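Take a look at this one chain, the form predicted alone, written out in structure tokens.
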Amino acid sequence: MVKKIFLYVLLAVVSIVGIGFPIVKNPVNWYEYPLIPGLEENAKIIFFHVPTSWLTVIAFFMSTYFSIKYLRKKNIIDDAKAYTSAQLGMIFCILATVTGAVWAKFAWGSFWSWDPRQTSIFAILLIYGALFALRSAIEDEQKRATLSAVYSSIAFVTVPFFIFIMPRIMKGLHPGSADDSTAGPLVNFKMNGNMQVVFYLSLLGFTLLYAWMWDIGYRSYLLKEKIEKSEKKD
């Protein structure tokens, strides 16, 4: 409870400081954002698309962390934490894919063009989709948790490659690809100061949202499992 209160207070402080700084610095134009050629107002999807992509990596990493922890201690609570984080990872991965497709429609003229970035995130969806298929096919709790933990630990090895390496070593349309000399017109340190404030606050807000959803999610999963076990005994 104390940790949750601390997180909410931290978010409030950062929000007040972050939003207040540009207002004091430039009280007239603090809310204005420069238009990026070719994207215009559509560039603002960065405030949603990038945080969801960021949380995809974070959620799958946390799933792997608790999976390894389960393999070491065989505590079923760690399996619940890993499973819940993997579920959230899939949700954010789907959101990143959808928002990326919307952005691609305005930037490239098509929702899907099999750009290396789009291909890589599609591969991740398939890899982690198989994890849920694996879990649903096994009824024994311990066996399910063990096999899921092993699979999750191996699956995460592909995430850094598909997210950070493959899209940058291949030519593509997405900012940051091998033939992009500007390293991407949106996410860089030359971003307008007002946009940076909203962007980093969005990252923080989404991260706290993930933490809140994960905390509720794994507790709900454990409660559900407990109720199902008691029903079987009766």
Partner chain sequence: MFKSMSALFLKDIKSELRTRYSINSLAMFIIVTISVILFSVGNEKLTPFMAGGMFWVIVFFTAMSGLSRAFVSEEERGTTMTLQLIANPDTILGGKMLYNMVLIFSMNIVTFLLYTAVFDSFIIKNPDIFFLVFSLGNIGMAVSSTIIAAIISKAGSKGTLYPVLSFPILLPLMLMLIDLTKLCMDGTTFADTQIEIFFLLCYDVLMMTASFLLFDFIWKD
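Keep in mind that what you see is a predicted model, and the values were worked out from it rather than measured. Positions refer to the first chain, counted from 1.
Just so it is clear, the following notes concern the form predicted together with its partner chain, a form of the same protein that is not shown.
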Give a yes or no on whether every one of F47, V57 and V102 sits within 4.5 angstroms of its partner chain in the predicted bound form by heavy atom. no
Just checking whether S113 would be counted as a contact of its partner chain in the predicted bound form - the rule being heavy atoms within 4.5 angstroms. no
So, F162 and its partner chain: in the predicted bound form, are they within 4.5 Å at any heavy atom pair? yes
With a 4.5 Å heavy atom cut-off, would you call V98 a contact of its partner chain in the predicted bound form? no
Is Y151 a contact residue for its partner chain in the predicted bound form, using a 4.5 Å heavy atom cut-off? yes
In the predicted bound form, the one of L71, A107, I94, I76 near its partner chain [non-hydrogen atom within 4.5 angstroms]: L71
Heavy atoms within 4.5 Å of its partner chain in the predicted bound form is the criterion; list the residues of 109-136 that meet it. T119, A123, L126, I127, A130, A133, L134
